[in-house]
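Take a look at this single chain, the form predicted alone, given in C-alpha coordinates.
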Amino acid sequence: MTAMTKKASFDGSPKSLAGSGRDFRSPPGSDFHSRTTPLSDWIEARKRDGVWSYGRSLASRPGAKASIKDANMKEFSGLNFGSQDYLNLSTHPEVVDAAIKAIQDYGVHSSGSGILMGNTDISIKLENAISDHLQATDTQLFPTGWGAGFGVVSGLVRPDDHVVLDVFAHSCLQEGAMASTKNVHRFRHLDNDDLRRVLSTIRASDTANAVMVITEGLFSMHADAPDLRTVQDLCHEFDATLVVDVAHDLGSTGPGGTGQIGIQGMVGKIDIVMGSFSKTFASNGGFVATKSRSLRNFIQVFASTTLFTNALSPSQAAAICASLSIVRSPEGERLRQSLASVSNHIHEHLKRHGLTVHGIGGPIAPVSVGNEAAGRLVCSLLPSNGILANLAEYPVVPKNDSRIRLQMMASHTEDDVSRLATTLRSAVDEANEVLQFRPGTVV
(Lines give C-alpha, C1' and ligand atoms only; values in the text may rest on other atoms or scores of the structure.)
Protein backbone atom coordinates (compact mmCIF):
# COMPACT_ATOMS: atom_id res chain seq x y z
CA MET A 1 0.00 0.00 0.00
CA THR A 2 1.53 3.29 -1.06
CA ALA A 3 -1.27 5.79 -0.44
CA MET A 4 -4.47 6.35 1.44
CA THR A 5 -7.64 5.07 -0.17
CA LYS A 6 -9.38 8.46 -0.30
CA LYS A 7 -8.54 12.07 -0.99
CA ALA A 8 -7.36 14.10 1.98
CA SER A 9 -10.31 15.77 3.68
CA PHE A 10 -11.90 16.42 7.05
CA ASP A 11 -15.51 17.56 7.19
CA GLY A 12 -15.88 17.66 10.96
CA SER A 13 -15.80 20.45 13.49
CA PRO A 14 -12.53 22.18 14.47
CA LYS A 15 -13.59 21.42 18.06
CA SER A 16 -12.88 17.73 17.43
CA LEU A 17 -9.24 18.39 16.58
CA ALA A 18 -8.55 21.05 19.20
CA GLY A 19 -7.88 20.79 22.91
CA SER A 20 -6.98 17.89 25.18
CA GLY A 21 -8.36 16.03 28.14
CA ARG A 22 -6.25 18.22 30.42
CA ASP A 23 -8.54 21.16 29.54
CA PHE A 24 -11.45 19.45 31.30
CA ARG A 25 -9.71 17.93 34.29
CA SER A 26 -10.68 20.49 36.94
CA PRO A 27 -14.11 21.87 36.01
CA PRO A 28 -15.82 24.46 38.21
CA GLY A 29 -19.28 24.10 39.67
CA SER A 30 -21.17 22.34 42.45
CA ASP A 31 -23.09 19.84 40.31
CA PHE A 32 -21.27 16.79 38.98
CA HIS A 33 -23.55 16.42 35.97
CA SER A 34 -23.26 19.98 34.68
CA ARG A 35 -19.54 20.25 35.22
CA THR A 36 -18.82 16.97 33.40
CA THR A 37 -20.96 17.91 30.39
CA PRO A 38 -18.28 19.92 28.49
CA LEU A 39 -15.94 16.91 28.41
CA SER A 40 -18.77 14.65 27.32
CA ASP A 41 -19.74 17.05 24.52
CA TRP A 42 -16.13 17.15 23.31
CA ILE A 43 -15.87 13.35 23.30
CA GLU A 44 -19.19 12.97 21.45
CA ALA A 45 -18.08 15.52 18.85
CA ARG A 46 -14.89 13.58 18.26
CA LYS A 47 -16.89 10.35 17.92
CA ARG A 48 -19.23 11.93 15.36
CA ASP A 49 -16.29 13.23 13.36
CA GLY A 50 -14.43 9.92 13.50
CA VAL A 51 -11.43 11.20 15.46
CA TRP A 52 -12.13 9.70 18.90
CA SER A 53 -9.25 7.25 19.11
CA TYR A 54 -10.32 5.49 22.30
CA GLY A 55 -13.02 3.08 23.42
CA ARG A 56 -12.16 0.55 20.73
CA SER A 57 -12.85 -3.11 21.44
CA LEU A 58 -11.48 -6.32 20.01
CA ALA A 59 -13.82 -8.35 17.85
CA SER A 60 -11.33 -11.22 17.54
CA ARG A 61 -8.26 -12.70 19.19
CA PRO A 62 -5.43 -10.17 19.73
CA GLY A 63 -3.12 -11.68 17.12
CA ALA A 64 -0.83 -10.02 14.59
CA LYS A 65 -4.00 -9.68 12.51
CA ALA A 66 -7.21 -8.77 14.32
CA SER A 67 -10.62 -7.16 14.10
CA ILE A 68 -11.81 -4.26 16.22
CA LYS A 69 -14.90 -2.14 16.69
CA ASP A 70 -14.53 1.57 17.24
CA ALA A 71 -16.57 3.67 19.67
CA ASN A 72 -19.33 3.89 17.05
CA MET A 73 -19.31 0.07 16.74
CA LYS A 74 -17.93 0.21 13.21
CA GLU A 75 -15.78 -2.85 12.54
CA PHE A 76 -12.28 -2.81 11.03
CA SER A 77 -9.78 -5.59 10.35
CA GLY A 78 -6.07 -5.33 9.76
CA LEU A 79 -2.56 -5.70 11.07
CA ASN A 80 -2.64 -5.32 14.83
CA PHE A 81 0.01 -3.05 16.34
CA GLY A 82 -2.10 -2.03 19.31
CA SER A 83 -2.26 -5.06 21.63
CA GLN A 84 0.00 -5.81 24.58
CA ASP A 85 0.60 -9.49 23.81
CA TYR A 86 4.27 -9.27 22.97
CA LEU A 87 5.07 -13.00 22.76
CA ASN A 88 1.57 -14.05 21.57
CA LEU A 89 1.04 -16.05 24.74
CA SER A 90 -2.63 -15.11 25.24
CA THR A 91 -3.57 -17.72 22.61
CA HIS A 92 -0.74 -20.19 23.23
CA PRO A 93 -2.25 -23.70 23.60
CA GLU A 94 -0.37 -24.44 26.84
CA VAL A 95 -1.55 -21.19 28.40
CA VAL A 96 -5.15 -21.69 27.29
CA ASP A 97 -5.15 -25.30 28.54
CA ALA A 98 -3.73 -24.24 31.91
CA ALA A 99 -6.46 -21.64 32.35
CA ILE A 100 -9.20 -24.11 31.42
CA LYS A 101 -7.86 -26.75 33.80
CA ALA A 102 -7.74 -24.22 36.64
CA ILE A 103 -11.39 -23.32 36.04
CA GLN A 104 -12.31 -26.98 36.09
CA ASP A 105 -10.36 -27.59 39.30
CA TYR A 106 -11.04 -24.36 41.23
CA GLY A 107 -13.97 -22.58 39.55
CA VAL A 108 -13.94 -19.18 37.92
CA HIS A 109 -13.55 -16.91 40.96
CA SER A 110 -10.95 -16.40 43.68
CA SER A 111 -13.74 -15.83 46.24
CA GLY A 112 -11.71 -13.66 48.57
CA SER A 113 -8.79 -11.37 49.27
CA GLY A 114 -5.37 -12.92 48.88
CA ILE A 115 -4.92 -12.71 52.64
CA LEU A 116 -8.35 -14.29 53.32
CA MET A 117 -8.35 -17.57 51.37
CA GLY A 118 -8.50 -15.92 47.94
CA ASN A 119 -5.20 -17.47 46.90
CA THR A 120 -4.82 -21.03 45.64
CA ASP A 121 -1.80 -23.27 45.51
CA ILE A 122 -1.39 -21.98 41.93
CA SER A 123 -0.97 -18.46 43.33
CA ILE A 124 1.66 -19.65 45.80
CA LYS A 125 3.47 -21.46 42.98
CA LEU A 126 3.40 -18.22 40.96
CA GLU A 127 4.80 -16.14 43.82
CA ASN A 128 7.67 -18.59 44.23
CA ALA A 129 8.33 -18.66 40.49
CA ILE A 130 8.49 -14.85 40.26
CA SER A 131 10.87 -14.73 43.24
CA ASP A 132 13.09 -17.32 41.58
CA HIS A 133 13.00 -15.53 38.23
CA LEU A 134 14.09 -12.22 39.77
CA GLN A 135 16.30 -13.69 42.53
CA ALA A 136 14.06 -12.03 45.10
CA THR A 137 13.32 -13.19 48.64
CA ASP A 138 9.53 -12.85 48.49
CA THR A 139 6.77 -11.81 46.11
CA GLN A 140 3.33 -10.35 46.77
CA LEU A 141 0.64 -10.75 44.08
CA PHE A 142 -1.94 -8.10 43.20
CA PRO A 143 -5.13 -8.49 41.12
CA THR A 144 -4.03 -5.72 38.73
CA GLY A 145 -0.73 -4.22 37.65
CA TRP A 146 -2.06 -0.75 38.46
CA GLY A 147 -2.85 -1.97 41.96
CA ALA A 148 0.68 -3.31 42.35
CA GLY A 149 2.17 0.07 41.46
CA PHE A 150 -0.17 2.05 43.69
CA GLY A 151 0.12 -0.53 46.45
CA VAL A 152 3.89 -0.73 46.68
CA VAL A 153 4.05 3.03 47.24
CA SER A 154 1.01 3.51 49.46
CA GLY A 155 1.76 0.34 51.40
CA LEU A 156 5.26 1.41 52.41
CA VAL A 157 5.38 5.21 52.35
CA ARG A 158 4.16 7.21 55.34
CA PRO A 159 3.26 10.95 55.49
CA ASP A 160 6.71 12.21 56.51
CA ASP A 161 8.57 10.04 53.99
CA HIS A 162 9.71 11.16 50.53
CA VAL A 163 8.98 9.74 47.07
CA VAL A 164 11.27 10.65 44.18
CA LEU A 165 9.99 9.72 40.72
CA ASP A 166 11.19 9.94 37.15
CA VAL A 167 8.84 12.55 35.72
CA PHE A 168 7.45 9.98 33.25
CA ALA A 169 6.77 7.23 35.81
CA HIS A 170 3.41 5.48 35.33
CA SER A 171 0.24 7.04 36.74
CA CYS A 172 -0.22 4.24 39.30
CA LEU A 173 3.11 5.18 40.84
CA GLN A 174 2.48 8.92 40.64
CA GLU A 175 -0.94 8.57 42.23
CA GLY A 176 0.39 6.21 44.89
CA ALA A 177 2.97 8.83 45.81
CA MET A 178 0.46 11.69 45.98
CA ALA A 179 -1.89 9.59 48.10
CA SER A 180 0.87 8.76 50.58
CA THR A 181 2.86 11.90 51.29
CA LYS A 182 3.11 15.60 50.54
CA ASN A 183 6.84 15.09 49.96
CA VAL A 184 6.69 14.12 46.28
CA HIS A 185 9.71 15.05 44.15
CA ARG A 186 10.30 14.49 40.43
CA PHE A 187 13.56 14.36 38.52
CA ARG A 188 14.13 14.92 34.83
CA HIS A 189 13.61 11.84 32.67
CA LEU A 190 16.61 9.47 32.87
CA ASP A 191 18.73 12.30 34.30
CA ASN A 192 20.82 10.79 37.10
CA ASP A 193 22.57 14.09 37.80
CA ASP A 194 19.18 15.60 38.53
CA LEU A 195 18.30 12.56 40.66
CA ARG A 196 21.49 13.11 42.66
CA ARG A 197 20.57 16.76 43.15
CA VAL A 198 17.09 15.87 44.44
CA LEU A 199 18.38 13.18 46.81
CA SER A 200 21.12 15.45 48.11
CA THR A 201 18.63 18.22 48.79
CA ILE A 202 16.31 15.86 50.67
CA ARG A 203 19.04 14.38 52.82
CA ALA A 204 20.49 17.80 53.61
CA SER A 205 17.34 18.56 55.60
CA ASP A 206 15.89 15.15 56.47
CA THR A 207 17.90 12.14 57.57
CA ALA A 208 15.18 10.67 59.75
CA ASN A 209 12.56 9.60 57.21
CA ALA A 210 12.54 7.10 54.38
CA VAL A 211 13.06 7.93 50.71
CA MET A 212 11.62 5.84 47.86
CA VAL A 213 13.04 6.33 44.35
CA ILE A 214 10.92 5.12 41.44
CA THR A 215 11.81 4.46 37.82
CA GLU A 216 10.86 1.98 35.09
CA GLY A 217 12.67 -0.74 33.20
CA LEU A 218 11.18 0.39 29.88
CA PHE A 219 9.11 3.57 29.63
CA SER A 220 6.01 2.86 27.60
CA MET A 221 5.58 6.24 25.89
CA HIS A 222 9.28 6.72 25.13
CA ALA A 223 10.59 3.15 24.81
CA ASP A 224 13.78 4.08 26.65
CA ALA A 225 15.46 2.76 29.79
CA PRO A 226 17.40 4.16 32.77
CA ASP A 227 20.91 3.25 33.87
CA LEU A 228 19.72 0.98 36.67
CA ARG A 229 23.12 0.36 38.23
CA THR A 230 23.75 4.07 38.68
CA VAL A 231 20.26 4.66 40.04
CA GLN A 232 20.65 1.81 42.55
CA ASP A 233 24.10 3.10 43.58
CA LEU A 234 22.63 6.56 44.18
CA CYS A 235 19.94 5.01 46.36
CA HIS A 236 22.57 3.24 48.42
CA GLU A 237 24.57 6.46 48.74
CA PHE A 238 21.60 8.47 50.01
CA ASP A 239 19.93 5.73 52.07
CA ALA A 240 16.98 5.45 49.71
CA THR A 241 15.02 2.43 48.47
CA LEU A 242 14.68 1.81 44.73
CA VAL A 243 11.49 0.56 43.05
CA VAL A 244 11.68 -0.44 39.37
CA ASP A 245 8.51 -1.00 37.34
CA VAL A 246 9.18 -3.73 34.76
CA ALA A 247 5.68 -3.97 33.28
CA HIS A 248 6.72 -3.77 29.62
CA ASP A 249 10.19 -5.33 29.47
CA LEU A 250 9.94 -8.31 31.83
CA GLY A 251 9.44 -11.49 29.84
CA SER A 252 9.63 -9.78 26.46
CA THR A 253 13.31 -8.81 26.53
CA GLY A 254 16.55 -9.69 28.27
CA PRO A 255 18.36 -12.95 29.01
CA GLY A 256 15.82 -15.55 30.06
CA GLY A 257 13.12 -12.88 29.92
CA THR A 258 14.57 -10.80 32.76
CA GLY A 259 14.08 -7.50 30.92
CA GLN A 260 16.30 -4.46 31.39
CA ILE A 261 17.28 -5.72 34.85
CA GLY A 262 18.86 -8.76 33.19
CA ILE A 263 20.27 -6.80 30.25
CA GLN A 264 22.05 -4.48 32.70
CA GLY A 265 23.29 -7.28 34.97
CA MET A 266 21.12 -6.23 37.89
CA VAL A 267 19.05 -9.36 38.59
CA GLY A 268 18.82 -9.79 42.37
CA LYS A 269 20.36 -6.35 42.98
CA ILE A 270 17.32 -4.07 42.78
CA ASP A 271 15.65 -3.28 46.12
CA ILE A 272 12.06 -3.76 44.96
CA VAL A 273 10.77 -4.88 41.55
CA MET A 274 7.17 -4.21 40.62
CA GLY A 275 5.49 -5.49 37.46
CA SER A 276 2.33 -6.34 35.58
CA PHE A 277 1.12 -9.58 34.00
CA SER A 278 -0.98 -7.77 31.40
CA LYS A 279 1.72 -7.35 28.76
CA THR A 280 3.74 -10.52 28.21
CA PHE A 281 2.04 -12.91 30.62
CA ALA A 282 -1.40 -13.31 29.03
CA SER A 283 -3.48 -12.16 31.97
CA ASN A 284 -4.33 -9.37 34.37
CA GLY A 285 -2.57 -8.92 37.68
CA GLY A 286 0.66 -7.63 39.08
CA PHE A 287 3.37 -8.33 41.63
CA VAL A 288 5.89 -6.76 43.96
CA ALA A 289 9.12 -8.72 44.49
CA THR A 290 11.26 -7.74 47.47
CA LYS A 291 14.71 -8.48 48.84
CA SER A 292 13.37 -9.05 52.35
CA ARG A 293 10.40 -10.86 53.86
CA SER A 294 9.69 -7.93 56.16
CA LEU A 295 9.02 -5.65 53.19
CA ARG A 296 6.67 -8.20 51.63
CA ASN A 297 4.80 -8.75 54.90
CA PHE A 298 4.35 -5.01 55.41
CA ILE A 299 3.02 -4.58 51.86
CA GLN A 300 0.67 -7.53 52.30
CA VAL A 301 -0.88 -5.96 55.38
CA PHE A 302 -0.90 -2.26 54.41
CA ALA A 303 -1.32 -2.15 50.61
CA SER A 304 -5.07 -1.64 50.25
CA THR A 305 -5.04 -2.69 46.58
CA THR A 306 -4.32 -6.26 47.61
CA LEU A 307 -5.80 -6.39 51.12
CA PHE A 308 -9.24 -5.02 50.31
CA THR A 309 -9.91 -6.63 46.94
CA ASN A 310 -10.29 -10.12 45.54
CA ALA A 311 -7.18 -12.04 44.61
CA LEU A 312 -6.29 -13.16 41.10
CA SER A 313 -8.73 -15.75 39.83
CA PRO A 314 -7.38 -19.32 39.59
CA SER A 315 -7.46 -19.20 35.79
CA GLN A 316 -5.48 -15.96 35.75
CA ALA A 317 -2.81 -17.35 38.06
CA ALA A 318 -2.61 -20.54 36.00
CA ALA A 319 -2.27 -18.61 32.73
CA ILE A 320 0.53 -16.52 34.22
CA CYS A 321 2.34 -19.60 35.56
CA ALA A 322 2.17 -21.25 32.15
CA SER A 323 3.32 -18.05 30.43
CA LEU A 324 6.25 -17.63 32.80
CA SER A 325 7.27 -21.23 32.18
CA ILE A 326 7.33 -20.53 28.43
CA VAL A 327 9.17 -17.24 28.94
CA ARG A 328 11.96 -19.09 30.76
CA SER A 329 12.16 -21.91 28.20
CA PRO A 330 14.03 -22.25 24.88
CA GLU A 331 10.73 -21.47 23.17
CA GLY A 332 10.59 -18.20 25.07
CA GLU A 333 14.07 -17.36 23.87
CA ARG A 334 13.04 -18.01 20.26
CA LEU A 335 9.98 -15.83 20.68
CA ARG A 336 12.09 -12.99 22.10
CA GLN A 337 14.49 -13.29 19.17
CA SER A 338 11.54 -13.03 16.77
CA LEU A 339 10.22 -10.02 18.65
CA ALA A 340 13.65 -8.36 18.58
CA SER A 341 13.83 -8.94 14.83
CA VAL A 342 10.41 -7.33 14.36
CA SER A 343 11.52 -4.39 16.50
CA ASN A 344 14.67 -3.90 14.41
CA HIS A 345 12.66 -4.03 11.19
CA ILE A 346 10.15 -1.49 12.51
CA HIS A 347 12.86 1.01 13.42
CA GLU A 348 14.59 0.51 10.07
CA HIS A 349 11.44 0.83 7.94
CA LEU A 350 10.01 3.80 9.81
CA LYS A 351 13.28 5.73 9.63
CA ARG A 352 13.56 4.87 5.93
CA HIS A 353 10.19 6.54 5.45
CA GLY A 354 11.37 9.65 7.27
CA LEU A 355 9.34 9.04 10.42
CA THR A 356 10.59 9.84 13.93
CA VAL A 357 10.59 6.70 16.04
CA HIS A 358 11.65 6.84 19.67
CA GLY A 359 13.42 4.40 21.93
CA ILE A 360 15.99 1.65 22.15
CA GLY A 361 14.00 -1.17 20.62
CA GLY A 362 11.97 -3.77 22.46
CA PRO A 363 8.24 -4.35 22.06
CA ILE A 364 7.22 -0.65 21.85
CA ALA A 365 7.92 1.87 19.10
CA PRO A 366 6.37 5.32 19.68
CA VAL A 367 6.24 7.33 16.44
CA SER A 368 5.86 11.12 16.54
CA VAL A 369 3.17 12.26 14.09
CA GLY A 370 2.64 15.94 14.93
CA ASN A 371 0.38 17.98 17.18
CA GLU A 372 -2.84 16.74 18.72
CA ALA A 373 -4.90 17.54 15.63
CA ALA A 374 -2.48 15.68 13.36
CA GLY A 375 -2.35 12.71 15.71
CA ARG A 376 -6.14 12.36 15.74
CA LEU A 377 -6.33 12.52 11.97
CA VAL A 378 -3.52 10.00 11.51
CA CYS A 379 -5.08 7.56 13.94
CA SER A 380 -8.50 7.91 12.27
CA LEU A 381 -7.02 7.10 8.85
CA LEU A 382 -5.18 3.92 9.80
CA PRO A 383 -8.00 1.39 10.46
CA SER A 384 -9.68 1.82 7.06
CA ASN A 385 -6.28 1.18 5.53
CA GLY A 386 -5.64 -2.03 7.41
CA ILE A 387 -3.55 -0.84 10.37
CA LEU A 388 -4.77 -1.06 13.97
CA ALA A 389 -2.75 1.08 16.38
CA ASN A 390 -3.25 3.41 19.33
CA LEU A 391 -2.79 7.15 19.70
CA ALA A 392 -0.97 8.76 22.62
CA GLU A 393 -1.58 12.47 22.98
CA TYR A 394 -1.04 15.21 25.55
CA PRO A 395 -0.99 14.99 28.54
CA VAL A 396 0.50 11.47 28.44
CA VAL A 397 3.16 12.71 25.99
CA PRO A 398 4.55 16.25 25.54
CA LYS A 399 2.20 18.82 24.02
CA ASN A 400 2.35 19.04 20.21
CA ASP A 401 4.14 15.68 20.03
CA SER A 402 1.32 13.17 19.65
CA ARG A 403 2.48 9.63 18.93
CA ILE A 404 1.23 6.43 17.42
CA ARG A 405 2.42 3.92 20.01
CA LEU A 406 3.18 0.76 18.08
CA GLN A 407 3.21 -2.43 20.13
CA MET A 408 4.58 -5.40 18.30
CA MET A 409 4.34 -9.15 18.59
CA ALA A 410 6.72 -12.01 17.91
CA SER A 411 4.38 -13.17 15.12
CA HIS A 412 4.60 -10.00 13.04
CA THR A 413 6.54 -10.38 9.79
CA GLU A 414 8.79 -8.02 7.86
CA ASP A 415 6.05 -7.74 5.23
CA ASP A 416 3.70 -6.60 8.01
CA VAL A 417 6.23 -4.01 9.09
CA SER A 418 6.77 -2.79 5.52
CA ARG A 419 3.03 -2.29 5.06
CA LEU A 420 2.79 -0.53 8.42
CA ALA A 421 5.55 1.94 7.57
CA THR A 422 4.16 2.76 4.11
CA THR A 423 0.63 3.24 5.43
CA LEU A 424 1.72 5.33 8.40
CA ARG A 425 3.83 7.58 6.16
CA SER A 426 0.83 8.14 3.87
CA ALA A 427 -1.45 8.85 6.84
CA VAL A 428 0.96 11.47 8.22
CA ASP A 429 1.20 13.11 4.79
CA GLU A 430 -2.58 13.17 4.40
CA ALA A 431 -3.10 14.60 7.88
CA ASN A 432 -0.60 17.36 7.15
CA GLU A 433 -2.36 18.12 3.86
CA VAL A 434 -5.72 18.39 5.63
CA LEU A 435 -4.31 20.72 8.28
CA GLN A 436 -2.87 23.03 5.64
CA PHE A 437 -6.47 23.81 4.71
CA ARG A 438 -7.73 23.85 8.32
CA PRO A 439 -5.21 26.11 10.09
CA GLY A 440 -7.70 26.89 12.86
CA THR A 441 -7.46 23.30 14.08
CA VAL A 442 -3.78 23.47 14.89
CA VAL A 443 -3.34 23.43 18.67
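Only a predicted model underlies this, so the values are computations on that prediction, with no experimental measurement involved. Position 1 is the first residue in the sequence shown; the rest follow in order.
Keep in mind that the form predicted together with a small molecule is not shown, yet the notes after this line are about it.
**Q** Would you mind picking the one in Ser131, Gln174, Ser278, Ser180 that has a heavy atom within 4.5 Å of the small molecule in the model of the complex?
**A** By the 4.5 Å heavy-atom cutoff, the listed residue in contact is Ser278.
**Q** State the residue from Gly145, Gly151, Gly362, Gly257 whose non-hydrogen atoms include one within 4.5 Å of the small molecule in the model of the complex.
**A** Exactly one residue meets the criterion: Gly145.
**Q** Evaluate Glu216 for contact with the small molecule in the model of the complex, applying a 4.5 angstroms cut-off between non-hydrogen atoms, and reply yes or no.
**A** Looking in the model of the complex, residue contacts with the small molecule include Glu216, since a heavy atom lies within 4.5 Å.
**Q** Looking in the model of the complex, any heavy atom of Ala247 within 4.5 Å of the small molecule?
**A** Answer yes; at least one heavy atom of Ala247 falls within 4.5 Å of the small molecule in the model of the complex.
**Q** Hey, in the model of the complex, does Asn80 get a heavy atom within 4.5 angstroms of the small molecule?
**A** Contact check for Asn80: no, nothing within 4.5 Å of the small molecule in the model of the complex.
**Q** Whether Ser313 contacts the small molecule in the model of the complex should be assessed with a 4.5 Å heavy atom distance threshold; does it?
**A** No - in the model of the complex, heavy atoms of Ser313 and the small molecule never come within 4.5 Å of each other.
**Q** Heavy atoms within 4.5 Å of the small molecule in the model of the complex: which of the stretches 180-188, 350-358, 297-305, 278-286 has them?
**A** Going through the listed ranges, the match is 278-286.
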